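Single chain ahead, by itself, as structure tokens, in the form predicted alone.
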């Protein structure tokens, strides 16, 4: 059984939120953007790892985190559960998702009442203010090679990545979620001026009898 929770047409196309019952009886929420499957919550381990792996590489308290892409809320929720986080700014291109979050329809983020949480509508690139954050998390696409919106392509080029890195304080970490490992993106991150180190975590997930390899790419800004 599949139930439509919401559907909105906007300047970036149609956004739809669905809920279905899996074969084992579990409820699964799906997000479809402009006819493209964006995500579901059959397995949310990699979305949560985007947050936890990045934050594990940052020292200190009173951390400020920028999340690009709200999705179903799992990454944001993982940030809010992490120790030392004082501020979470989430920038989401689709207004509909912000409305559904306020209505409690996103399974990963059933409440938006946490005072540390600041949900904003817009393009995350506009939030890349120099030296503003300790961690920047980008999950706006299914990776650099499978864009939900073609306009996001600039985020993955060297100039866009440099701006994201520049939004970090010294020692801060940029993390990007990808539906596939991306050696090209890893090399691009490693070559950015001001990067102390870059790495790619390959995260296997079993779904429907198949093993998929997702990835989280991380780059740390130099402290110098």
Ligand SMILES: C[S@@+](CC[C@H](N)C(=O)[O-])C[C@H]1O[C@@H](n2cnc3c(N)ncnc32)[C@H](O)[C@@H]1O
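Residue numbers count along the first chain shown, from 1. Predicted model, so just to flag it, every value in this text is computed and none were measured.
Omitted from view is the form predicted in complex with the named molecule, to which the following refers.
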### Message
My question is simply whether residue 140 lines the interface with the named molecule in the model of the complex - judged by any non-hydrogen atom within 4.5 Å.
### Response
yes
### Task
Considering only heavy atoms, tell me if residue 172 and the named molecule come within 4.5 Å of each other in the model of the complex.
no
### Message
I'd like to know whether residue 122 contacts the named molecule in the model of the complex, with contact meaning heavy atoms within 4.5 angstroms.
### Response
yes
### Query
Taking 4.5 angstroms as the cut-off for heavy atoms, does residue 135 touch the named molecule in the model of the complex?
no
### Message
Need the contact residues for 67 to 100: heavy atom within 4.5 Å of the named molecule in the model of the complex, sequence order, or none if there are none.
### Response
69, 70, 71, 72, 73, 74, 75, 91, 92, 93, 94, 97
